[in-house]
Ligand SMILES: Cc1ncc(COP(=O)(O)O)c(C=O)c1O
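First, one chain by itself: the form predicted on its own, in structure tokens.
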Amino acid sequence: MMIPGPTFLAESTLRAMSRQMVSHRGKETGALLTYCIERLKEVFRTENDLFILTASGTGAMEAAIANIVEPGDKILCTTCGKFSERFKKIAEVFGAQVIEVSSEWGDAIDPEKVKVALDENGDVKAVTVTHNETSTGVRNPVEEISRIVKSHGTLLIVDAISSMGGDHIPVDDWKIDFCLAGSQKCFAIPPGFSFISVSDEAWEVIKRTKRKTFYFDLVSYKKSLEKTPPQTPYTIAITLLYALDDALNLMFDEGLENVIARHHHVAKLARDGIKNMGLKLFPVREEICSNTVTAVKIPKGINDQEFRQKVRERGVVISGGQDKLTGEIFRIGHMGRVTEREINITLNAIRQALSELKFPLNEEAIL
């Protein structure tokens, strides 16, 4: 399973999920919830409040917007692919006046364009940025954008759903007000959890906002964690909490820096292997390539579905393009528990599929 989530799970994680149910309001769940949150804060590199939502990553995106937006508020949304555009759609649902700063799909956001937009609009309430745009395989310069956003006294919302735990995203150092992550990506547990950190500055805005959300009201999550025992306001997915506990233990056993270094290493292996075959990466520059997903241009004359089916017949599942990139690119996910072994198996499957489809591979790419 080499797609940009969900990722394959460790055997110990699968076993952890087979444990019997306990009360979601009981001491055992409260202790496990507290333990997982403290470890998640270390992964996020933050001392901010952090909450576990029983929802996909999109739920955390909605929570960030819903807790600070009132109709007419200006929200600056940076867009460079399908998932960054989702922030724009969510903000519009909550009545925001959206200012869009966009780049072409395959390119990263230009921080200077963000500065210009903020200079021209002095009352922007928040800026949204997707750190890792999985639809295009592009990584955005969040640190540079953050310096600009914070110099304007504006909140920064960062979607790190597909990169937290697999790349460097120091939340506090980068002064991120809301940072979001998802369970089925680098954390390598099933879909269904999202994580959101909230800064002190964000809380000040939340307190002044007439919120129109029930399930995602972060004030309720904060109050519930302060109860004895700590809990969530609504039923948490206990099985996923078992999985998260195990997955975090695996990450800390390996070492957080080692986990990130492994993600960087396998990402480079994937990119180098693709280039050695004579294929072209989709991002316009390699320095903006994602460290958790590699997007590749489909060569002329190769049918996307036929190609990916032949890869699948060799035991490997990869993803196609989305929306306007359907049939134009394919994507290799390398997040979570992925090692050199899985990358080599994937590259071999791609080579064999391309060879069968008569694509002229470079000689050094043929095993």
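Predicted, not measured: the structure shown is a model, and the values here were computed from it. Note that residue numbering begins at 1 and tracks the sequence as displayed.
The next section is about a form of this same protein that is not shown, the form predicted in complex with the named molecule.
Colleague: Which single stretch, out of 262 to 270, 124 to 132, 98 to 106, 280 to 288, brings residue heavy atoms within 4.5 Å of the named molecule in the predicted complex?
Modeller: After filtering at 4.5 Å, what remains is 124 to 132.
Colleague: Considering the named molecule in the predicted complex, which of T339, T34, T58, N303 comes within 4.5 Å of it through any heavy atom?
Modeller: By the 4.5 Å heavy-atom cutoff, the listed residue in contact is T58.
Colleague: If you check L241, V142, I161, V149 against the named molecule in the predicted complex, which one has a heavy atom within 4.5 Å?
Modeller: Exactly one listed residue reaches within 4.5 Å, namely I161.
Colleague: Just to confirm, K115 within 4.5 Å of the named molecule in the predicted complex by heavy atoms?
Modeller: Contact check for K115: no, nothing within 4.5 Å of the named molecule in the predicted complex.
Colleague: Report whether the minimum heavy atom distance between F83 and the named molecule in the predicted complex is within 4.5 Å.
Modeller: Looking in the predicted complex, residue contacts with the named molecule include F83, since a heavy atom lies within 4.5 Å.
Colleague: Using a 4.5 angstroms cut-off on non-hydrogen atoms, would Q184 count as touching the named molecule in the predicted complex?
Modeller: So Q184 counts as contacting the named molecule.
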